[in-house]
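Just the one chain here, the form predicted alone, laid out as structure tokens.
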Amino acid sequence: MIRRSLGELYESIREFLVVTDDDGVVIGCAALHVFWQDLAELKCLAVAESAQGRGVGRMLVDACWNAARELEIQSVFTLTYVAEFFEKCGYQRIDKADLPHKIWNECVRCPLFPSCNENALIRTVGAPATLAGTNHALATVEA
């Protein structure tokens, strides 16, 4: 995950979903960042080690997808080192180069940029989330 300043966290606080345990301790979080009318990013997914394997990550991914659907967003992408997890959640791998350039705004601050090994995945409404199924949404964003 990319380090964020306190100001950046406050600016994006409403994008975050949080899961707490019975004692009110945060055990997971994720954010849905809207880029355009039909494209959003699921980002900052994190689950405490003590809570992994209990469905918390899946709950957050599903909640972000449902939030995107409520906003009538057609496609949600993510950049991750754990592609297999997102594939189990209905996401399909795509080439990072097929994503709009504006999504790289945060990446340029990462110490691994531009040699990042993250995988890009996407889930799209109404069609298998394949590269061919997402070209329309991505082309619309770039236009």
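Keep in mind that what you see is a predicted model, and the values were worked out from it rather than measured. Numbers for residues come from their place in the sequence shown, where the first is 1.
Quick note: we don't show the form predicted in complex with a small molecule, though the next part is all about it.
Quick one: does residue 86 come within 4.5 Å of the small molecule in the model of the complex, counting heavy atoms only?
Residue 86: contacts the small molecule in the model of the complex.
4.5 Å heavy atom contact, residue 94 and the small molecule in the model of the complex
Contact with the small molecule, no.
Indicate whether residue 37 is a 4.5 Å heavy atom neighbour of the small molecule in the model of the complex.
Flag for residue 37 set to no.
is_contact(residue 69, the small molecule) in the model of the complex, heavy atom dist at most 4.5 Å
Because no heavy atom of residue 69 falls inside 4.5 Å of the small molecule in the model of the complex, the answer is no.
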